[in-house]
Each structure stands twice: as C-alpha cells, then as structure tokens.
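A single chain, nothing else alongside it, follows as structure tokens in the form predicted alone.
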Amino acid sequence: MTEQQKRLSKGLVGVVIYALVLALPWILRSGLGVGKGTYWTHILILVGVMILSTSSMRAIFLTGEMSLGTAGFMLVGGYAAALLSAKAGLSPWLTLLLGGLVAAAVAGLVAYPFFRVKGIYFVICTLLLGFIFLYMAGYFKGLTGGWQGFQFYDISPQITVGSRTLKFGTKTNIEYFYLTVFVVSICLFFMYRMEHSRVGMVWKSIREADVLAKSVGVNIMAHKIFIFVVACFFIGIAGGLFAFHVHALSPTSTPANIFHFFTSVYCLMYMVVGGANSFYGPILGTSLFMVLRELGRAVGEYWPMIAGAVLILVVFFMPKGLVATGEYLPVWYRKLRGLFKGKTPSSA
C-alpha cells in the first residue's frame, strides 16, 4: 500500500467515525428511549468538554512540562463566560470566546515565573494555582455567588433567523451536543495543525533535549509560554462549554462542579491511558474511560481504585497507551504462541 493510499484509508476511517459520532444522539434515543437517550447525550457533551481539556493538557506536555492546573483554568473560563453573560448581558457566543481569552490572559500573567522552574516544581505551581482559583470562586461571594454558586438557566447560545430561533439549551441536549462537537472539532483542528507544523517539531525537540535545542538558537522560554497560553485558551473554552450546558456553577463538591483538583488528575490519566505521545491518545482515553465510568456507576466509591489499577496496567504493559494497541497485539500473540509451544507434555 502506497503512502497516498494509506492517507486515503485513514481519511475514510476518520470520516466514518465522525459520521458515527454525529449520529450517536439519534442512535441512543432510538435504542434506549427518549429519557435515557437524553441523559447519554448529556454524558457525550461532557466527554467532548473533557476531550478538549485533556488534549490541551497534552499540548503543554509537548514541551516537556506537565500542568495540573487544568481544572483551575476551566473554572476561569467557565465563570468568565457565565458572569459576562449573566451580569454584563453579553451574548454567550461572544462570552464563550472571551472566557477562553480571560483564561489565556491569566496564563500569560503567571507563565514567565512558572517556567522559571521545571519538572515537579512546575507541576506544584500549576496545582496550587488551581486551588487558588477554586477558593477565590468560593470566597468572592458578591461576584461568583460564593460556595453556593449561581444559576443562569435562562441564558443559552441561540441563533435567530427571521421569526425562528434555534436555542442550544433544550432539554433534549441534541442541539448543544452538535454545538460542542463543532467547537471541539475546530479547537482540535488548530491544535493538530500546530503540532504537525514546524513549531510543533520545535516543541518536541525542547521536550527531548532542551539544552541541545537552546544551543541551536531555540528560545525555550518563549515557546513554553506560547503553548501554555494557547492551551489555556482552549481549556477556558472547554470551561465555557460546560458552563452553558449545566447553567449552574459552584466551587463545592457538587454535580455542578468539575473544577476540583481531581478533574486535572483524571485528565492526566486519560492522556496517559490513551497515549501521551499521540494526538489521538487523549481522545481515545477520555472517551473510553468516561463511558466506562458511567457504565460502572454500580461500583460507586470503588471506581478510583479500578481506574488506578487500569492506569498501572497500561503503564507497565502498554507504555504507548491504548492508541498503540495494534502494535502490542502481534507482540503479545507471538509471546503467547512461543510460551505454549515451549511447554513439554509433562509440564502441561
């Protein structure tokens, strides 16, 4: 098979998968009924939000740094978008973008001092920043509603054509699902193009050998700050998508809150399980784990333990992640075949 044929086959597979994703709400409604179909469409919207957040976390990882402030920047973007619409009266279409810009602006303010340190120290800085955002949302009661949070059920993105209005916030969740798919697809497209451009190669060179990259004239600090700001912009948009879907935000441990530290940890887990070295790894890891988590609600408090066990198994036996399953299966098959062939009748 030639290189052109491989690209064509990959493109066709991508089109089929994308078409299946677009058809999922209707498949779920017809197979599970309207009520359960609507609920699972809600889950798919959350999957889209987390795919965008996890992919943005991986974009930062391209330069060799790991951020655990993902949930914090989601909070900044979500609250900024919601407050600008609820209290300033701006259109959700505009505030969705502004939420990302606010998150990017905050990232720009802290990026230089944060990147003066590396490794675990950078991780700790981003982690503590996420907690700072969380407690600011809780204590600034006059602005954010405090720990009780605030609701804005009457505000949703909508399009008016003549006398007809299409509102992306109905009880069926279908309209908002397509809005989420559209926004997430655009963001992922830009991240994909950046990663596979010349600047993306520079980021990877920084991760693999930053001293060598610096010796040939690469401005390491500038590149790290740039990707950090861009990634936080997309994370802020993810927070805005979440905000206009649930129409209620709170910094407490409630269903309306995905802004806690554990969200950042789960994003890291999704990235590693899916495959941190592949653009498609976060997409696969997030989709699989979030769906399995929903299907396994019966295990309740045991889910973190199960997720941790899966993560350990993947790290030990599939270090490239689930996205590289096709590479591991032939190896495992050959090992098992050799193992059984090597058995003697007495040992059997």
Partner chain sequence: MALLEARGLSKRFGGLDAVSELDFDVNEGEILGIIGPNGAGKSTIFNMICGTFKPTSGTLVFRDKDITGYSSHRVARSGIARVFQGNVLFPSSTVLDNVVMGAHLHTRLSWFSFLFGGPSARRRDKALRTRAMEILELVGLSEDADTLASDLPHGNQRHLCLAVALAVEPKLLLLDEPVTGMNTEEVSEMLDLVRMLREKTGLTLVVIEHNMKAVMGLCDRIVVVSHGRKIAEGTSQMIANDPAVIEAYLGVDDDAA
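Numbering follows the first chain given and starts at 1. Quantities reported herein were computed from a predicted structural model and do not represent experimental measurements.
Omitted here: the form predicted in complex with the partner chain. The next part is about that form.
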Contact test in the model of the complex: His247 vs the partner chain, heavy atoms, 4.5 Å | no
Considering only heavy atoms, tell me if His260 and the partner chain come within 4.5 Å of each other in the model of the complex.
-> no
Is Trp147 close enough to touch the partner chain in the model of the complex, meaning at least one heavy atom pair within 4.5 Å?
-> no
The partner chain contact at Ser205 in the model of the complex, heavy atom, 4.5 Å = yes
Using a 4.5 Å heavy atom cut-off, which stretch among 78-86, 236-244, 94-102, 185-193 contacts the partner chain in the model of the complex?
-> 185-193
Residue (of Thr172, Gln151, Asn219, Thr252) lying close to the partner chain in the model of the complex, criterion heavy atoms within 4.5 Å | Asn219
Among Phe226, Phe140, Phe131, Tyr178, just one has a heavy atom within 4.5 Å of the partner chain in the model of the complex, namely Phe226
Give a yes or no on whether each residue among Ser9, Ala19 and Leu22 has a heavy atom within 4.5 Å of the partner chain in the model of the complex.
-> no
Contact check, 196-215 vs the partner chain in the model of the complex, heavy atom within 4.5 Å, ordered by sequence, gives Ser197, Arg198, Val199, Met201, Val202, Lys204, Ser205, Glu208, Ala209, Val211, Leu212, Ala213, Lys214, Ser215
